[in-house]
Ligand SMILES: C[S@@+](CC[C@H](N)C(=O)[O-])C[C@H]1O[C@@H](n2cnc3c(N)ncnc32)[C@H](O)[C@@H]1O
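Quick setup: one chain, the form predicted alone, written in structure tokens, and binding and motion questions come after.
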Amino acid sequence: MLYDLKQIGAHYRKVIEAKTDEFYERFDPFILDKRPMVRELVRKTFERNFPDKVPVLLDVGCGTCFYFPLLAQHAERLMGVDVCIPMLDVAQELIAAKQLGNCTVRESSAMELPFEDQSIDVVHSWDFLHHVPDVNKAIAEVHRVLKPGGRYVAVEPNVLNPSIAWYHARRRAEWGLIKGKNQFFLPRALRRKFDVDIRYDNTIISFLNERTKGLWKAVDGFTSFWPTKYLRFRYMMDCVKRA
């Protein structure tokens, strides 16, 4: 488990510099070009989450920004922050290659966001909260920078899904999910400052390709009903800042 920002930065620096299998499955900046099925799932997710264009959208824990070519279509201005400089270097290359003129990234911890109070319309994060050393402090920062009535949309892995639980249990950097930073804790923490709506979803990035799409479709069909919907790969928390 990664306990502080220094450990988090060092781990992901290694992933980027060594180009490990994890890089190509989760952080490849051009993964959406290489995997059309993943691109379509992410596109539909953003369409559901952001039906109206957002004036100022902040992505915390943006990593390599592989989904920015799609997310940028839903924002007038899209900003990303992350603690890992090598990941941000990759993100800058992607932004330049895709000519994303409304996108910028910068180094920052989510526990100390470099933005003024009530200056952001929507905050978004993808597979991020279960990595944060101090979840309550990160939530307080998201709350601080959001405008009254602003939204925080957090996409997180579902610990109840057997494949998700197995994947995270085998990787020390992912133990935050197993040790409690999941849907049994995070919604409670968010509800202290937000009105929270939760839905479950089968959008995945890793290991979805032509060889595995049949298995994914079977899982998607099986989890289309109550109560099996709670076994989907991810859950999404749509949080509205109370006035």
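No experiment lies behind these values; they were computed from the predicted model shown. Each residue number is its position in the shown sequence, starting from 1.
Beyond what is shown, the protein has a form predicted in complex with this ligand; the following relates to that form.
### Query
Any chance all of Met87, Ala110 and Phe128 sit within 4.5 Å of this ligand in the model of the complex, going by non-hydrogen atoms?
Looking in the model of the complex, the three residues Met87, Ala110 and Phe128 all sit within 4.5 Å of this ligand (heavy atoms).
### Message
in the model of the complex, is there a heavy atom of this ligand that lies within 4.5 Å of any heavy atom of Val240, even though the partner is absent here?
### Response
It does not: once this ligand is placed as it appears in the model of the complex, Val240 has no heavy atom within 4.5 Å of it.
### Task
Using a 4.5 Å heavy atom cut-off, state whether Pro69 contacts this ligand in the model of the complex.
The answer is no: Pro69 has no heavy atom within 4.5 Å of this ligand.
### Query
Given that the partner is absent here, does Leu177 sit within 4.5 Å of this ligand in the model of the complex, heavy atoms only?
No, no contact at 4.5 Å.
### Task
Flag Lys44 as yes or no: does it have a non-hydrogen atom within 4.5 angstroms of any non-hydrogen atom of this ligand in the model of the complex?
It does not: once this ligand is placed as it appears in the model of the complex, Lys44 has no heavy atom within 4.5 Å of it.
### Query
Can you say which of 177-185, 208-216, 36-44, 59-67 gets within 4.5 Å of this ligand in the model of the complex, counting heavy atoms only?
Answer to the contact question: 59-67.
### Query
Using a 4.5 Å cut on heavy atoms, which of Phe194, Tyr200, Phe27, Phe50 is close to this ligand in the model of the complex?
Contact residue from the list: Phe27.
### Query
Pick from Ala75, Leu100, Val83, Val145: which has a non-hydrogen atom within 4.5 Å of this ligand in the model of the complex?
After the contact test, the surviving option is Val83.
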